[in-house]
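What follows is a pair of forms of the same protein chain, given separately as structure tokens and numbered structure 1 and structure 2.
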Structure 1
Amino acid sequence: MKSFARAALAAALLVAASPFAGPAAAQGTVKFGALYPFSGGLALLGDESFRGFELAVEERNAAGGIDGKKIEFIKGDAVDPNQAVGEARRLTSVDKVSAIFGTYSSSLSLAATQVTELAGVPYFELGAVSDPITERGFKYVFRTNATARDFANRMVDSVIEAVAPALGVKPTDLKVGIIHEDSLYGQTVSGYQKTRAKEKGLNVVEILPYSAKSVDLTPVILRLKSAGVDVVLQTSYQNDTVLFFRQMKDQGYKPKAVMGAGGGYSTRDTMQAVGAENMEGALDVDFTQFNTNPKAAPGLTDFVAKYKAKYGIEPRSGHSLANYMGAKVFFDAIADAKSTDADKVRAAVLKVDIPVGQTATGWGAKFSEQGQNTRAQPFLMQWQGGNLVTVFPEAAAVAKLKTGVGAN
């Protein structure tokens, strides 16, 4: 009995000495939270984002996990900011997760990260774009994806570098209209678009906000039409994107170019709801899509194969790929930290140094003191023949940019 007691004590001391010590470690696992909108109006892209995280977990576990411990994740459903707060509290205080991954929606992320920061639990944002997420001086919030400012700048710059040359006109000769849903997402992106357009000397003739829950965008479309807007820059979710394209057709409005900021423009579901012929030529500045040159995004082809094998379809948007890439970067950082201690994880994240073009998204990874990846840039895509293909920059492109929007 004494020898058995000594052996048990030795085993307990060994577990206690482990950098992954705790209830999860005792069971040979590292426990994380997966906080996404799995229900409600944001569920489509919330679930698509989660799929990328899930694939990264399965891949890591198949390779032995983190420091020999398998990853276990607990899902949290964040329908709105209040629920995001509640779920973050549950995951950190009841489930005792070592970190939370998420979240796709900026408003949800902003709410949830206030909880995790107070709890001293790392929060890894893999998809929300609002700049303030990593501008509040938080120590334990980190983000791999590009920000709203990056999206806005790429959109405005694409008008100058890609759209105007394709149309054979000077950028300053184009009349630009900025329209956006009026939540944090739309307000943030459109604000940066306005600033960038002024810096670049573009002629912005309309800036029109609207409710994402609107059932009639005809007034917006008629304003654009009467102003003779050539290029529309829209920041939208799925429902308002579908509504805009349907009513744009109803009103006979045919701008020379329409460009979205991810969101509703990025999903096959939107294209199918609108009709491939009506979405033909629509541009989208977005997370890397699977129709991208794999030479610029090593690992992309393997990701798509794994996605199709697990879910039976092609990726529905680039959100899954962005979450997959981001989760892998953070898993590696946690493994390098050899601990789930928040300060050690932070130190490891700040040491990450991956050059651009060395991940499945084509992004690199280098984090600022604020926790923001400074090497993530969205690409310019276009709907062609029912597929969203990369057209700019040239190194990542798989097709040439076409002019015109919708069926001719």
Structure 2
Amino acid sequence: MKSFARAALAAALLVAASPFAGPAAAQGTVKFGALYPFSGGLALLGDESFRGFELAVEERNAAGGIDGKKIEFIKGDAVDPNQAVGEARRLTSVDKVSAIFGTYSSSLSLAATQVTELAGVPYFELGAVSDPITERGFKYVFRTNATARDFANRMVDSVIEAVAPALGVKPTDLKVGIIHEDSLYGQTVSGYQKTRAKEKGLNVVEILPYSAKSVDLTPVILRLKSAGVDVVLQTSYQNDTVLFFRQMKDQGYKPKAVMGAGGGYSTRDTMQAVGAENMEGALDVDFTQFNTNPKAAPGLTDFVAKYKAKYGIEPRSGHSLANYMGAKVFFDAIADAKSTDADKVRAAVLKVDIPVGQTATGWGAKFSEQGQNTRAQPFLMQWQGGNLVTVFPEAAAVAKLKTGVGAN
């Protein structure tokens, strides 16, 4: 199948390059790589992320492409870090792409960027959250989306700025419990949470790591219950989120607020498995989702319409939107550079200056020397009536924050 696709692509290129192909060919194309996990366990959200990129390309091509050149992209399938390296090599050396866009998963991004940096090819990260991706002093790695530290900070700040006022108490009177699955993801986010909570003087009474493969979280819940924790901050995948909510109900534990760091908290599957009434009121910090005030995220409604027209369903998660926004920002930057030369692209990216609230995700764009977007902030959302709605910050909110969790 893949070899067939490649043969077809080669044939198409031949036709396009031949003198009979008409005037479009004369203007040339600009070639990018699209590196995502298209198969394997990460494929669902990898594909969802890719769709955002694909829509951004189509939109740009319809508007004339970059500098009058049509964008053409070549897919790379990164199932695991090894394959990410292999595909990044292929894209940069065989297909000779001008830049690579990706990647959804942090481990894949960390691996692939090692290759592109050495090859001097710009790498545009649109979705992976691990901080070190843009902390290694690489020159040609740029990222539009918020990082794990942004997530953790938003969670801790939300307790102070949104949850405590809604409960009508002083933030320092709240007992906070941090629980997280104990792989790299949970360790990283909770580590930043601890630091931020200390800076802000919050009263953290329990920090409990657990294995995401645990089949019983009642010990965790009983610990939280015995310690009288009011606000639980959880960093988790899907299965452990479902288990936590079910067992929290079984054990009759009723915290005042439960807040997740995206991951398992954002998906409709989790809500359905837990039950809408039990998930009611659960808070979630994540990339911009679709129930966000369009005034704070111009282009959001338009994106959803285009998505539905192309794929026939509602977007499956916010990943597509984040990738769409990021791809658009970088396309503009490449157009401004008037070249695909890596150094000129870098100079153009560093000149990007979009204020907060003027992109489809509601983020702004201003890149640090390290290539990290400093104006990307995840929003605080809440499950209300089976829908994930943005509740904080005020400008992006479509509903008021409610207190309490679940039906019990």
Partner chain sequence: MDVLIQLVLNGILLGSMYAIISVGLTLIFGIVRVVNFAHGEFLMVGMYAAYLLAAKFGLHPYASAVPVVLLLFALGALVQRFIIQPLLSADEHIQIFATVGLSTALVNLALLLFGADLYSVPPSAAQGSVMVGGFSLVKGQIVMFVCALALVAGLHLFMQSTALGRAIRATAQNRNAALLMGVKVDQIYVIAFGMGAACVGLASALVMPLYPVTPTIGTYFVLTAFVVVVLGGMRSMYGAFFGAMIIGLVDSLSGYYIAPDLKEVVYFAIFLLILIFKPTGLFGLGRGTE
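In this text, rigid core is short for the largest set of C-alphas that superpose within 1.5 Å between two forms. Counting starts at 1 and follows the sequence of structure 1. Keep in mind it's a predicted model, so treat the numbers as computed, not measured.
Of the two forms shown, the form predicted in complex with its partner chain is structure 2. Remark: the rigid segments turn against one another between structures 1 and 2, and the hinge among Tyr265, Leu243, Ala337, Ala148 is at Ala148. Two rigid parts account for the change between structures 1 and 2, and C-alpha superpositions put the rotation of the smaller relative to the larger at 13 degrees. Relative displacement of the Gly386 Cα between structures 1 and 2 on rigid core alignment is 2.8 Å. Taking the core as reference, the C-alpha deviation of Asn203 between structures 1 and 2 is 4.3 Å.
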